[in-house]
Structure formats: structure tokens, C-alpha cells
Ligand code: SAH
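In the form predicted alone, a lone chain appears below as C-alpha cells.
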């Protein structure tokens, strides 16, 4: 699986600007037991480089996207990272192998509880999951050095921008479900300016709010 992901880095280097996985992300990807973070019916496919269904109409992203999203926020051992969309817990586990603390929000209680149990069994003590609205982030734990969003929003949520540290980085897919989406890298400069770069086209499940969004608001 790691070799496949490395091959995709090489194939997409012109889009992402990343010719290879960083050593810390490569080590994390090789260490996380992905088969223990997918449904039993998907375990035989766990180490293939493609997304897998995890129930409730949700998916676990392909390892390449997980690795790329992790690399793009430039994680460091002292960092605190927010994840929006815990899913099966796989992205959180990869982050937790690198950073000091991961806070993860999942809107679907059944998935969030299952992820928390699985991660506890895998002895990840630096991950905290709660059930909630990802659009609102986790303000009482902010600001964050990095934010990884694992579902597509129609636009970048203002609350998440506000919770990003100066110098922090966010990766988020933006676009409507079933339509063109772009994986964006958001950087909040030391001066507080927001800079945005489109990385590559993607397809994610939608980021669902607790209260439906009103168009134009």
C-alpha cells in the first residue's frame, strides 16, 4: 500500500507540489493498522489504495488522500490538530502518530462511538472524539496548528478559519456532492491573512451540518 501511495505522489507532483511523502507521514502510514479501522466485511481490502464504505453512507478515504492531507498541513510533534469527520478513525490515527494531540468531530453518533472504541483498543491516548457539528469546529480547544476536513463543504466554514492558529494550515475539500470538488490548502499567515491554493480535483461525501444550511447564508 505504501508503495502505491508513493507512486501516486510521483504521478500528481505537478498538481500537489509534493514529489514524495515526508518520512514522518510514510512512517505513520506504515504503522497504522488500517484493517482494524474498517468494517469486518472490508478487512481483506484494507490495504488497497482506494476508499472503502464504512456504513451510514460514509467512506474511509483512500490512503493516498489521507497521506496527502496529512502532509499538506506540515504536522510537527508539538502540534494540536482538529479533524472534521472522524469516520472510522483512520485519518485521526495517522495524524496521532505524528502530532501531540488530535481532536476529531463526527456528526454520526454510531460512527463516532465505533471509532472511539477502535482507537482506544489500538491504544491511541492522544485522540479525543466527540459527536457534533463539524461546521462549528471545537472552539474550546482552539486555536489549532492544523485542521483536516474529510468531507466536502460548499465553502470554507468561517468558524474553522477562526480556529486556525496564525501560521496554521487547513486542508478541506470544497464543492457540492456529485459535482466538481477541489481539495484546498488554506494557510493563515503570521499576519492573519488567509491564503488559498487549489491542490487537485477530488470526490468526497458532503459535510453535513446539524441544521441544514440556508443558500446564500
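These figures come from a predicted structure and were not determined experimentally. Positions refer to the first chain, counted from 1.
One more form of this protein should be noted, the form predicted together with the ligand, which is absent from this view; the next part is about it.
With the ligand left out of view, which of 153, 170, 60, 68 would have a heavy atom within 4.5 Å of it in the predicted complex? Exactly one residue meets the criterion: 60.
State the residue from 202, 208, 21, 199 whose non-hydrogen atoms include one within 4.5 Å of the ligand in the predicted complex. If I apply the 4.5 Å criterion carefully, the residue I get is 208.
With a 4.5 Å heavy atom cut-off, would you call residue 121 a contact of the ligand in the predicted complex? No, residue 121 stays farther than 4.5 Å from the ligand in the predicted complex.
May I ask you to state whether residue 105 is within 4.5 Å of the ligand in the predicted complex, using heavy atom distances? Looking in the predicted complex, residue contacts with the ligand include residue 105, since a heavy atom lies within 4.5 Å.
Can you check whether residue 135 is within 4.5 Å of the ligand in the predicted complex, heavy atom basis? It does: once the ligand is placed as it appears in the predicted complex, residue 135 has a heavy atom within 4.5 Å of it.
Since only the chain is shown here, I'm wondering whether residue 90 would be in contact with the ligand in the predicted complex (any heavy atom pair within 4.5 Å). Contact check for residue 90: yes, within 4.5 Å of the ligand in the predicted complex.
Can you pick the stretch from 68-76, 139-147, 105-113, 121-129 whose heavy atoms fall within 4.5 Å of the ligand in the predicted complex? Correct option: 105-113.
Listed by sequence position, which residues of 64-84 have a non-hydrogen atom within 4.5 angstroms of the ligand in the predicted complex? Heavy-atom contacts within 4.5 Å come from 83, 84.
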